[in-house]
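We begin with a single chain expressed as structure tokens, specifically the form predicted alone.
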């Protein structure tokens, strides 16, 4: 069973690349290995770029869920 207290949320609505990746990476640095981060994005290029860049750094992308026309939740588990 997943410990819901270990999920941190980062709302990046209004941010664009490359700031979306930089801010996500900085937030991940605050977390312990294995913890989950949910990032809220409204910039379509970031939905492709952020997960790809984080995966290249060894983090696990748990899912990308579109919540509206221009709103996505990206779930990441820190390596």
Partner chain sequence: MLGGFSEEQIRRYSRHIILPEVGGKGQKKLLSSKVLCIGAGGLGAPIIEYLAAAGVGTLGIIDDDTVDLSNLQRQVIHGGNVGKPKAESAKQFVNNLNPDIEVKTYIERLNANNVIDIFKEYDIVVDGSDNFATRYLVNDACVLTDKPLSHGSIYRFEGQVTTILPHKGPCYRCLFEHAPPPGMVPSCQEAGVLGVLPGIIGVIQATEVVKYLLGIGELLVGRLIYYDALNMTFDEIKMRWNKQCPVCGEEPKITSIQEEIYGDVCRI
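Residue numbers count along the first chain shown, from 1. None of these values were measured; they are calculated from a predicted model.
Another form, the form predicted together with its partner chain, is not on view; read the next lines as being about it.
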item	value
Residue 60 within 4.5 Å of its partner chain in the predicted bound form, heavy atoms	no
In the predicted bound form, residue 44 touching its partner chain (heavy atom, 4.5 Å)	no
Non-hydrogen atom contact residue 55 with its partner chain in the predicted bound form at 4.5 angstroms	no
4.5 angstroms heavy atom contact with its partner chain in the predicted bound form for residue 22	yes
Its partner chain in the predicted bound form reached by all of 32, 35 and 40, non-hydrogen atom within 4.5 Å	no
